[in-house]
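One chain comes next, on its own, written out as structure tokens in the form predicted on its own.
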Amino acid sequence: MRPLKIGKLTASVPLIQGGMGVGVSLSGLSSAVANAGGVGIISTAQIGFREPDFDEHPLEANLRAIGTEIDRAKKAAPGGIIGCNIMVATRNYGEYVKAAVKAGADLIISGAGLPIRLPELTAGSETLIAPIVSSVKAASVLCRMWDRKYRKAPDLVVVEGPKAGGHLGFTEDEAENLTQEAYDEEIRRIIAEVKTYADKYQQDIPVVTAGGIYGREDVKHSFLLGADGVQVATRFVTTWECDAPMSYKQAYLDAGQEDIVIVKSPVGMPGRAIRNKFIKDREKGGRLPAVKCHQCIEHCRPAEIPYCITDALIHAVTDRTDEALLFCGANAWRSDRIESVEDVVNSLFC
């Protein structure tokens, strides 16, 4: 096991904890991972949902909470690496990035779209930047645009495969049927593409793989493909330190393999979730009109969506799991106990 070096940062364990919103990966989980030697990641997706003014002023509440959570994580993990996951599809994306930079985020990881403007939004700061890509085409387009427009290469690249949880960078058919062998070849091609820009800029650009990484065998497989590290999310949900409530964790513990399904998200992307009462009810049709728009996604049309994804995700972390969208990775069904973050890290790398 080699340390993961990202620019000026060095994680003694080559592990990034995946960002999970709403309210699943906040300061509690991210600081625990950072203390264990990995990179702790706070998801900014509707991060201010507990703020008293969230319903009336969601943007202001979220921006305030970004600063609060980063500060808490940094204090709980002095010397550790704390970053943020910020979705490109977020409404007012630029303001979220600037708030994270201002709060001292060491790293910003950005997907759910190509983060074309990320170098511009972080210019002049110490914050490192990393796109999430799912194909060599996306990696090539993103690196070429950053190179041409900003004379900048990524500090890190996250390759997220079809077994990931939450919103996916694949069609429903690809997420269901793309073979591991086929995607392994895609990973190798992405690593080769990134290396051309590492050579051009004479800098190391580590590539980490994500999606379905649950055990030591998955970590070994990623390293054999040439990855420099791994990003793990689902495995950390069933830890004591995860910021989600016990009801959320129990849903993972109770889920069988047949309960993990691909769903159609209101944001227009396929996603992976637990098939609970909420999903079964949605499969029967009918809409759940949004009571109030929380300004989460850039192109949302409240009058047309089947349900409000913010409401569904908030229900997941406020003990209303039967009324909730429970995002998860493909291997969530393997969860059988609550562990500590340290136990998970040791099981992956020791």
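Start at 1 and count along the sequence shown; that's the residue number. Since the structure is predicted, the reported quantities are computational estimates derived from the model, not experimental observations.
Form predicted in complex with a small molecule: not shown, discussed below.
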So which of 68 to 76, 158 to 166, 118 to 126, 219 to 227 is the stretch with heavy atoms within 4.5 Å of the small molecule in the predicted bound form? 158 to 166
Using a 4.5 Å heavy atom cut-off, which residue among Val232, Ile82, Val207, Ala100 comes into contact with the small molecule in the predicted bound form? Val232
In the predicted bound form, the residue from Ile274, Ile132, Ala105, Ile190 with a non-hydrogen atom within 4.5 Å of the small molecule is Ile132
In the predicted bound form, Gly19 touching the small molecule (heavy atom, 4.5 Å): yes
How about Gly212 - does it come within 4.5 Å of the small molecule in the predicted bound form, if we only consider non-hydrogen atoms? yes
In the predicted bound form, Gly329 touching the small molecule (heavy atom, 4.5 Å): yes
The small molecule contact in the predicted bound form: Ser43, any heavy atom under 4.5 Å: yes
